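Okay, so here's just one chain, in structure tokens, the form predicted on its own.
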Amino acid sequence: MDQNGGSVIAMVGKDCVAIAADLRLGNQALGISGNFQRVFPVTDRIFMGLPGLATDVATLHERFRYRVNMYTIKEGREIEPETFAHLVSSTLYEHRFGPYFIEPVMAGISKTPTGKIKPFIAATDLIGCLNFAKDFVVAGTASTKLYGVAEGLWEPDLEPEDLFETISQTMLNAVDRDAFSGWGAVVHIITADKVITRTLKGRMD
């Protein structure tokens, strides 16, 4: 899992979610790129982070894009975050005997039957075991550091700007303590009516 490095974190706020990833692509200690995309939009309300082996990032992104498009055509509606999480889980579990070296992180806004919105985050291991959380989920080479910093900084019901500050500080401080992650980060804040994307400058050593 640490061949190419990289880390992803998703956090829940008040009627919003955030997902952040670092930008480093490496071959273990050798840095290759400082602008590697790990977080991809699935729909207008769902984003997916794919830390792990870079070749599998590209493969799985295309596979999930295909499966989501097929779902949209067959069902005639946009996929919900919970449904997408189970689609990710079943896709990975199909390959459990020769797994993709990826630990996906998903963040989105789901709509309840009453019309209200609910933040949703989830993560899986490399064979698709789902982990639903009410606060934050982490994955990647800096996951243990992300857990530690997030435990100290995260609070319930953060507004979008406060959530951005919290997830940014968590990501930057955690990757500074991991040799295989860092070189800046990208943060997506997903609210009911918009997505805010910001790029963070980090240490380059």
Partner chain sequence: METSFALTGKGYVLIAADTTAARSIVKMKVDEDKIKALGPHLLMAYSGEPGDTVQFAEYVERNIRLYQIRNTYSLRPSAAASWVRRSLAESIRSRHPYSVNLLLGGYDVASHDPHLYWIDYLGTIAEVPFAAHGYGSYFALSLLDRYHKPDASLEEGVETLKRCIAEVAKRLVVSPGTYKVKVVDKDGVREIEI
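All values reported here derive from a predicted model rather than from experimental measurement. Positions refer to the first chain, counted from 1.
The discussion below concerns the form predicted together with the partner chain, not included here.
Look at 174-182, 57-65, 144-152, 41-49: in the predicted bound form, residues with non-hydrogen atoms within 4.5 angstroms of the partner chain sit in 57-65. In the predicted bound form, at least one heavy atom of L53 sits within 4.5 Å of the partner chain. Within 4.5 Å of any heavy atom of the partner chain in the predicted bound form lies no heavy atom of N69. L25 belongs to the set of residues with a heavy atom inside 4.5 Å of the partner chain in the predicted bound form. Interface membership of Q3, defined by any non-hydrogen atom within 4.5 Å of the partner chain in the predicted bound form, is confirmed. Contact annotation for 93-107: residues with any non-hydrogen atom within 4.5 angstroms of the partner chain in the predicted bound form are G98, P99, Y100, F101, listed in sequence order.
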